[in-house]
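Before any questions on binding or motion, here is one chain by itself as structure tokens, the form predicted on its own.
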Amino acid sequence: MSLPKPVMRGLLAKRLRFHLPIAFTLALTAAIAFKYTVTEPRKRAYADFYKQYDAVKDFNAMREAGVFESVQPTGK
């Protein structure tokens, strides 16, 4: 009628042997998924933006709009 004692000796090692490879695999899968779903598209978007970005043209537009205090618009 008595319950058997739980086996406590080696329980941590037994559970780690089971869970550690699963955790490692899931972490690696998450890192690879993040790389290809977030960082690669972001790098492509930045590359596409800077292919056609003209910093001088943007600077001149901001200068004419009066954004800068140290550079006066050409009309003044």
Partner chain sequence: MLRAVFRLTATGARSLTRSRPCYSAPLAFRCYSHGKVETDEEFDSRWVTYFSKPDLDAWELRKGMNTLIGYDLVPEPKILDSALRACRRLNDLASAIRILEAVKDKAGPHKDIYPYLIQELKPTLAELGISTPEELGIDKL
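Residue numbers count along the first chain shown, from 1. Because the structure is a prediction, the values reported are computed rather than measured.
Below, we refer to the form predicted together with its partner chain, which is not included among the displayed structures.
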Checklist entry - Can we say V38, R42 and Q52 each have a non-hydrogen atom within 4.5 Å of its partner chain in the predicted complex? => result no
Next on the checklist: Does any part of F68 reach within 4.5 Å of its partner chain in the predicted complex? Heavy atoms only, please.
Outcome noted: no
Checklist entry - Is L28 one of the residues lying within 4.5 Å of its partner chain in the predicted complex, judged by heavy atom distances? => result yes
Checklist entry - Is the gap between F59 and its partner chain in the predicted complex 4.5 Å or less for some heavy atom pair? => result no
Next on the checklist: I'd like to know whether P4 contacts its partner chain in the predicted complex, with contact meaning heavy atoms within 4.5 angstroms.
Outcome noted: yes
Item to check | Interface residues of 4 to 18 toward its partner chain, as seen in the predicted complex [heavy atoms, 4.5 Å] | outcome: P4, K5, P6, V7, M8, R9, G10, L11, L12, A13, R17
